[in-house]
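The chain that follows stands alone, in the form predicted on its own, written as structure tokens.
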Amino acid sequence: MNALDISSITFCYDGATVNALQNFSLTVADGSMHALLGPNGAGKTTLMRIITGHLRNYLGDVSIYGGKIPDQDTLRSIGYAPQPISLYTTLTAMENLKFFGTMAGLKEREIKDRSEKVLEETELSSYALKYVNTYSGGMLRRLNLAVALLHSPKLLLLDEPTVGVDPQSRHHIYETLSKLNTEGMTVLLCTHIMDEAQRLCSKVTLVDKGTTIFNGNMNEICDLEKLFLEKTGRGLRDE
């Protein structure tokens, strides 16, 4: 069974004259790490919001391990680390994890055990009781990831997980993701960093103007950035 099956998704925001996604399809194999790449405005974040159930009025189907969204049990199988840091900065790391664990329906003991586990995985254990507004950019990204991992998801969605971080934090995030994938977690990685995608992922999908323009195996691509520019063009995407 595939981790994710997206079939012919079409979506348009209220008031827009052009569809954000147009007849878009994607298959992510169970246990894989799959890159989703595209220029600004290509539809990547819209797709993430549809998969996580935040956008509803679309045409087409989305299945996660055979379950259809917005079924709540199906949604609970997803972990999502969005590009904007989604943390409460006036709380500690542990308080953030307790809040998000409660929202995810975890029991008190589960929250404690899983919080300790994900803080260890992201090397934030010694900062568990520090207020998040004292964290560096790299620490914020790692805690953002820790929250996404808290409820032991089967499918992890990452939207620019290393943007703005120092090389050490980026390297640690890479190692964490590779370890999780080796242990069986499926990852859909949305990034603008071509080296990141080529290093971590075995499959790649390019999307532009809401449609799929390329699907392929990463080991068959010599220069991902060259392919990206060939498929999407060299014109600036400032909007």
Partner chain sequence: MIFRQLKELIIKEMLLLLRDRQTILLLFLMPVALILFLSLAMEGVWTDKLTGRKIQLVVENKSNSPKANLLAEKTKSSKMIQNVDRPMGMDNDQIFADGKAHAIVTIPKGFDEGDKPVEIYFDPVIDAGYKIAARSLITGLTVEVVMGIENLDAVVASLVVEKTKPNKELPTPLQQNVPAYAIFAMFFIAIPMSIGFLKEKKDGTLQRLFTYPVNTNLVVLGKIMPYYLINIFQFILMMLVGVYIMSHIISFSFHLGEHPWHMLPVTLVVAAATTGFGVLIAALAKTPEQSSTLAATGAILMGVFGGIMMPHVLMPVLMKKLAMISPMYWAHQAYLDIFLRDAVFGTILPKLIVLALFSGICFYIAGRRIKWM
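Numbering follows the first chain given and starts at 1. If you're wondering where the values come from, they're calculated on a predicted model, not measured in any experiment.
Just so you know, the form predicted together with its partner chain exists too; it's not on screen, but the next bit is about it.
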Legend entry - Three-residue site Arg76, Tyr88 and Gly105 fully in contact with its partner chain in the model of the complex at 4.5 Å by heavy atom: yes
Inset, instruction - Please name which of the stretches 45-53, 23-31, 188-196, 205-213 has residues with heavy atoms lying within 4.5 Å of its partner chain in the model of the complex. - result: 45-53
Legend entry - Leu155, Ala148, Ala128, Met139 - the one with a heavy atom within 4.5 Å of its partner chain in the model of the complex: Ala148
Inset, instruction - Although its partner chain is absent from this view, report whether Tyr135 comes within 4.5 Å of it in the model of the complex, heavy atoms only. - result: no
Legend entry - Close approach of Asn144 to its partner chain in the model of the complex, 4.5 Å, heavy atom: yes
Legend entry - Touches its partner chain in the model of the complex: Ile111 (any heavy atom, 4.5 Å): yes
Legend entry - 4.5 Å heavy atom contact, Gln168 and its partner chain in the model of the complex: no
Inset, instruction - May I ask you to list the residues of 53-84 that have any heavy atom within 4.5 angstroms of its partner chain in the model of the complex, in sequence order? - result: His54, Gln72, Leu75, Arg76, Tyr80, Ala81, Pro82, Pro84
